[in-house]
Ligand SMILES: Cc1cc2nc3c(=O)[nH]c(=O)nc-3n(C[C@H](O)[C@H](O)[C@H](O)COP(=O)(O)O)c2cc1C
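One chain comes next, on its own, written out as structure tokens in the form predicted on its own.
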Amino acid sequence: MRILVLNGSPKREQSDTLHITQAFLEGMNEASHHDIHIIHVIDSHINYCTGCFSCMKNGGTCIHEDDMRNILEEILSSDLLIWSFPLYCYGMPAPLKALLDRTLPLSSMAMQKAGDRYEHVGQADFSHLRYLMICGCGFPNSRHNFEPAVAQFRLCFPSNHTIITVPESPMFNAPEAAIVTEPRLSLVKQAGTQYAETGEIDQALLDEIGTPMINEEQYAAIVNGGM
């Protein structure tokens, strides 16, 4: 399987969320070998979408000549697209959102009804793609934090998607927190193996991964004490 990881964190390899993603990939590779490429989006030259819709009218050619052309080609040649990012203002970091906006060339202006909503008709065939969102946040719980990002991801990728959310993610960059982060990464690794073998992750396992690693009040006190 060809896997493209879009790391949306400006911290690159030091991303808290990338620790989670790497554990997931390790689990996948335990089941079978995969061809994995990680793009640190912050290092790519991606201009902002101007909303001119030229790409949706002329066969997918954008007015911008930047790294997005090669990224789109790599997306279409992949089997699994992993969106790995920390929660910024309840959504994606700006560089990753710019990349998402620039996927417009994959669609045309034409619309079709899908269930109770409308969607654009594709100008490229990406029906083979599967999508995985891995998102960490610095708050001590998942409630009333991840919902906007999850809603956007589900609307952008209404089928073949899986979502992993993890609170208290800064702890993955704290060596002294290994006593609680290592067991959590083991669960994520288990999820990766399960996904590679079945294409799905048990909801009970996803729920467990999304729970706080330590007591919410204790975590908040630690963060506040370190300010």
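Start at 1 with the first residue shown and count on from there. Because the structure is a prediction, the values reported are computed rather than measured.
Form predicted in complex with this ligand: not shown, discussed below.
- Among heavy atoms of Gly138, some come within 4.5 Å of this ligand in the model of the complex.
- In the model of the complex, this ligand stays beyond 4.5 Å of every heavy atom belonging to Phe157.
- This ligand is not shown here, and in the model of the complex it never comes within 4.5 Å of any heavy atom of Phe126.
- Mapping the unseen interface onto this chain, Leu87 counts among the residues with a heavy atom inside 4.5 Å of this ligand in the model of the complex.
- For this ligand in the model of the complex, the listed stretch (112 to 120, 138 to 146, 96 to 104, 71 to 79) containing residues with heavy atoms inside 4.5 Å is 138 to 146.
- For the partner-free chain shown, Ser169, Pro170 of 152 to 170 come within 4.5 angstroms of this ligand in the model of the complex, judged by any non-hydrogen atom.
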